[in-house]
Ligand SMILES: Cc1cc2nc3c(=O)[nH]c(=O)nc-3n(C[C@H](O)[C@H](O)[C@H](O)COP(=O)(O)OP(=O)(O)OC[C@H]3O[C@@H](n4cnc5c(N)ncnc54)[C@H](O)[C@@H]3O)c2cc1C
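Below, in structure tokens: the form predicted alone, a single chain.
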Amino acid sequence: MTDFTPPAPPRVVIVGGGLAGLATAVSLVGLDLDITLIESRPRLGGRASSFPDPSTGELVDNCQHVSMTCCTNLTDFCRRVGTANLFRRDPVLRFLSPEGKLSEMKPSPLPAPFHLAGSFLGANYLTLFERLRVAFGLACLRFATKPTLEPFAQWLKRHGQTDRTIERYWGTVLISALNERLENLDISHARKVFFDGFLRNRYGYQMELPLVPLGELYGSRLETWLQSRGVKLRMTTGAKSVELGADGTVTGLTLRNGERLDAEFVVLAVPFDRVASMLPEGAIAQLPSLEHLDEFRSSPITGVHLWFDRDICPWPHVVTVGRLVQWVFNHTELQGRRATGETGQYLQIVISASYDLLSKDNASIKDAVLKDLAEIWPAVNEANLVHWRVVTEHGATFAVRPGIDAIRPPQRTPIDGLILAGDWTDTGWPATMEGAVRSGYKAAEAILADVDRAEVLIKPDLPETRLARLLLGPPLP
């Protein structure tokens, strides 16, 4: 009798510790695979991460990240790793008009898609005539189902929208949701936000806000979870190049320090502008789905962190209409974090698609935000600003510009063993955490299919009512 040596499990190397790479690793755990995840930075989470503030020592998020109930795969990801209880679901969205009037978006007993109709009719930052214009625009959007290169701002003008309705309604919702100006925005993504996010299911619009810093939520907790399940983590480790064998299939990955990691699968869960540099010479010619990589663009987000010696904002979060400041998050209420000891308030301000701020220094940005906030809450003028910090992510998301979906590559490539992941790949979603997780799940599905263990990992969208399907039409593919 001879000893039987079982075959070694397939080796998977995941490059990138953002949500796409993390979702790939998490969904492959426990399936008899040898998994290594490498990350060039000393922490996991990618753009959804935190850093220790040099002055206070506490964790500061790069920028506020929130989820919505319609993000079913992000919810599944958090459930898998045991962090689903670290979110606060808020059924109310608050909008503050330039005149200081508060409107609340919350559901009525009516079925979807009419569950938010009462809140819309009560939106005091629009006149009655403007609300009718917006309703007409939403009705027209129902039939905007064909791909087009027309920017959404131009489409809105063609469908009866005024400068005020564009600024106060369409821009208020979409710039924050999609991190892009309306004049650069793809229509299908605007349609997805309103229809799939707000109207198809009565709970889909509800926000889920983290109760802990992102560095804990997607960093330290994930690190512990993965390592306890056998995933090898290589932090502060840079990838240089994917290695291919004589037959053109993946054989491993070379690191920047010259070390080689043998692998049957390499998942490049990196931003779009890093992919080409990680491929060996000539490989890009074998990947027609990547021939448009140079057409992708990034959109910036600016986060302004303000620690005051007194309470300023009376709500956990609020959208400010028609201002430089787009969203205010009260971390004192959400996470119990104060400016000094037991007093003060810590606010995080979010400014999406912050192109106009890229040429400004941080002090100028802080001063402009304080001026804006003082017009909302005069107490700012009397408060002492204990500490502040401005963080601008120049490449926060890929820009969802007209026609972008036609050039987003699938996760599987023609090179055996080479898989892509990232919110910029073909997920059917815009540049969101949900899109990143979906890409990771799809990357894992491709690997499992290749090792004869095919499994569907993508979770279905929230159910829609028959009335919503009739009035809104099916979701776009």
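All values reported here derive from a predicted model rather than from experimental measurement. A residue's number is simply how far along the shown sequence it sits, counting from 1.
Beyond the structure shown, there is the form predicted in complex with the ligand, which is absent from this document and is the topic of what follows.
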Judged by heavy atoms and a 4.5 Å cut-off, are Arg41, Gly45 and Thr237 together in contact with the ligand in the predicted complex? yes
Proximity to the ligand in the predicted complex (heavy atom, within 4.5 Å), stretch among 114 to 122, 134 to 142, 313 to 321, 391 to 399: 391 to 399
In the predicted complex, the residue from Lys106, Arg80, Arg274, Arg297 that sits within 4.5 Å of the ligand by heavy atoms: Arg274
Tell me, which of Cys70, Val66, Leu33, Ile415 has a heavy atom within 4.5 angstroms of the ligand in the predicted complex? Val66
Val13: touches the ligand in the predicted complex, heavy atom cutoff 4.5 angstroms: no
In the predicted complex, Val270 touching the ligand (heavy atom, 4.5 Å): yes
Is Met278 close enough to touch the ligand in the predicted complex, meaning at least one heavy atom pair within 4.5 Å? yes
Is the gap between Ala436 and the ligand in the predicted complex 4.5 Å or less for some heavy atom pair? yes
Where, within 412 to 432, is there a heavy atom within 4.5 Å of the ligand in the predicted complex? Residue list please. Gly422, Asp423, Ala431, Thr432
